[in-house]
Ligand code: UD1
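Quick heads-up: it's one chain on its own, the form predicted on its own, in structure tokens.
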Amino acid sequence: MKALVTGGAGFIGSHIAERLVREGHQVVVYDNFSSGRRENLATLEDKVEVVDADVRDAPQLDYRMAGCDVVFHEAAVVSVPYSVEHPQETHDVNIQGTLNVLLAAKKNAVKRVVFACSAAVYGEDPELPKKESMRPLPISPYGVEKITGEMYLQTWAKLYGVETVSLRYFNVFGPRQDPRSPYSGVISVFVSRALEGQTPMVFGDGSQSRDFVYVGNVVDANLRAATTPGVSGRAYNVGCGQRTTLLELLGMLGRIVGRDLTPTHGPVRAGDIKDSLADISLARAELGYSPVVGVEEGLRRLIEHVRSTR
């Protein structure tokens, strides 16, 4: 199989590329390196074709997609706050870029496109767990952009015969997530502070909960979405199917690093969702997806990785 991974030098994309290479597939990494990092591809040197290009560059996408069987579309501006501040830019990358991917896939007779969607499409709907059948209620440009991309995929599957699968990621964490980014996931920030002997900061009382999912589980979901027959046009939640509060998270981290991580507290941040939880029963039933790495084990792996690279 020949696969193109947009955003393939990024956090999740580089893990997908690594898994594909390990399984013997031919891989094209397509990334403009605005947030992706070349060091994320260190283990893949001379094993993948690396293209320094933007998904807004439609002719380049078309050229590089020739001969590909599957596209993993991970490239995006992934920050909700950034999308609020720069809606035109994120529209151009997240909507037009996705359309460019689909146009190139159609032209090059790509068999399947797997799209990195987001739990942000559910917005503030308080119902838990989140089910794919729920009406999308995004509250940010990012959420609007992701559900628009998903709807484009569904339309492509119906009109043009390009098989598509959308994966709604919940709170993904793991190695290569940059804790220095102001928009990084809370786990990478907590781990960085814990290993540097700093006191973690929690906005609010820490009772807010998330469905944290280790990146290896997400990679597995992507490979299953790319190869499982009969699922074209579908959308699936990708999480662990369990809630973890921020205080519980700090308790796990404290046990792993061997010190108390009692946080300081700041004001609740505007726009933060109180709780999030994925219903993953559809992905289990139709993709055979089952998260094999739990939150605490994922934290151990992440901490080992961070320590090994310091």
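Nothing here was measured: the structure is a model prediction, and the numbers come from that model. Don't overthink the numbering: it's just position in the shown sequence, from 1.
Form predicted together with the named molecule: not shown, discussed below.
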- Query: Taking 4.5 angstroms as the cut-off for heavy atoms, does R269 touch the named molecule in the model of the complex?
  - Reply: yes
- Query: Just to confirm, N171 within 4.5 Å of the named molecule in the model of the complex by heavy atoms?
  - Reply: yes
- According to a 4.5 angstroms non-hydrogen atom cut-off, is Y82 in contact with the named molecule in the model of the complex? no
- Query: Looking in the model of the complex, any heavy atom of V110 within 4.5 Å of the named molecule?
  - Reply: no
- Query: Picking from 235-243, 148-156, 204-212, 91-99, which part of the chain touches the named molecule in the model of the complex when contact means heavy atoms within 4.5 Å?
  - Reply: 204-212
- Residue within 4.5 Å of the named molecule in the model of the complex by heavy atom, from V186, V219, V231, A194, is V186
- Item | Candidate from L247, I256, A53, I273 lying within 4.5 Å of the named molecule in the model of the complex - any heavy atom | I273
- In sequence order, which positions of 103-124 have a non-hydrogen atom within 4.5 Å of the named molecule in the model of the complex? S118, A119, A120
